[in-house]
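One chain comes next, on its own, written as C-alpha cells: the form predicted on its own.
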Amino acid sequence: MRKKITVVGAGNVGANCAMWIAAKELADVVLVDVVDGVPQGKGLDLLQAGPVNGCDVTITGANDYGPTADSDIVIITAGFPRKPGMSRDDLLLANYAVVKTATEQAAKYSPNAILIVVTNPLDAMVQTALMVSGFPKQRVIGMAGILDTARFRTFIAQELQVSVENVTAVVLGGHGDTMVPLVRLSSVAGIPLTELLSAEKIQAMVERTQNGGAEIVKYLKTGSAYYAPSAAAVEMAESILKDKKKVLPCAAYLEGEYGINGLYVGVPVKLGAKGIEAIYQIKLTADETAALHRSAAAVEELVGVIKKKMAE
C-alpha cells in the first residue's frame, strides 16, 4: 500500500513540496487549502506532469481534511508569508491561528501521522503544533536547520568554487537572525573551513546565512523563499518514510539537552520511521553555548505569547 502525505497550504511552499514528493515518488499527495479551486487546480496540474516525468503517484486537492485521513506525514506550510521589512516574529499571532486549525484537523483525521511544520515563525509554530495535537514530541518536528545549513553550504561553495556536495556545515538554534552557524564544525571534504577562508569572509557568510530568508524576501517583495524550504521539508519526509535514519538539523523539543528545557530549538537529530529517534548533543564552547541560549531565549519569548493566547 502506498504511503500518503498531506500538504497543508497550496501556496508556493506547499505546491513545491507536492512537486518534490511526486518527483521522488515518495507517496500519494493530498494538497489542502482554504481557497476554493487552488489545491484542486495545482494538484491536477502536477498530476499531469506525471506522464512527462515518469512519476506514478496520485495528487489530489481539497478544501477540507476528509481526503487526508490516515496520512503518514502531514507537512504544514499554510500561513501568511513575510513581506519586506517584516520579521518572522511579526507573523506570530496571524500564523498561530492558521497552524492551530491545521493541527487540530490533522490530528483528528490522521492521529498516527508525523507532523512536519514549515510555517514561520518556525520554532514557535512547531511548539504550537505540539501543544494542540497532543502528539508525542518525536512526531512533531520543525523544518529549519536543513534550510539554514543549505544556505550556509551554498555560500561556502560559491566562495570557494567547489561542489556543494563536499561542504559540510552545522547550524543550531532558532530559525531567525539568532541562529548559530558552527564555523568550528564546518568543513570542505574534511578540511576545516577556518583553514580555507579568512575570519572576515567566514563572518560575512555567517551573517548572510542568518539573514538568508530576509535577503530573498527583499528581492521577491511579495513573498518569501519556497524552493529550498520545500526541498528541505521533503528531505525530512523521505528520511522518515524510507526509515533512512539521516542525521539532519531540525527543530526538536528539548528537555534538558544543551541546557534547554521545554522549547523547540534546531539541533542535529536522527530521522527515521518513528520520527525523531535520537537527539545528538555536540560539545560546545562557552561562546557557542551562550549564543545558542540567546537563540533559545528569543524562541521562548514568542512561545510565551502563544501560551498566553492559548490560556485566554
Ligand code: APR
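None of the values given here were measured: they were computed from a predicted structure. From 1 onward, residues are counted along the sequence shown.
What comes next is about the form predicted together with adenosine-5-diphosphoribose, which is not displayed.
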Inset, instruction - Check each of V170, A228, L197, V98 and return the one that places a heavy atom within 4.5 angstroms of adenosine-5-diphosphoribose in the predicted complex. - result: V98
Legend entry - Sole residue of T149, N120, S71, Q127 within 4.5 Å of adenosine-5-diphosphoribose in the predicted complex, by heavy atom: N120
Inset, instruction - Please run the contact check for A78 against adenosine-5-diphosphoribose in the predicted complex: heavy atoms, 4.5 angstroms, yes or no? - result: yes
Inset, instruction - Using a 4.5 Å heavy atom cut-off, state whether V34 contacts adenosine-5-diphosphoribose in the predicted complex. - result: yes
Inset, instruction - Check whether S133 has any heavy atom within 4.5 Å of a heavy atom of adenosine-5-diphosphoribose in the predicted complex, and answer yes or no. - result: no
Legend entry - Any non-hydrogen atom of V13 within 4.5 angstroms of adenosine-5-diphosphoribose in the predicted complex: yes
Legend entry - Partner-facing stretch of 232-240, 107-115, 154-162, 90-98, counted where any non-hydrogen atom is within 4.5 angstroms of adenosine-5-diphosphoribose in the predicted complex: 90-98
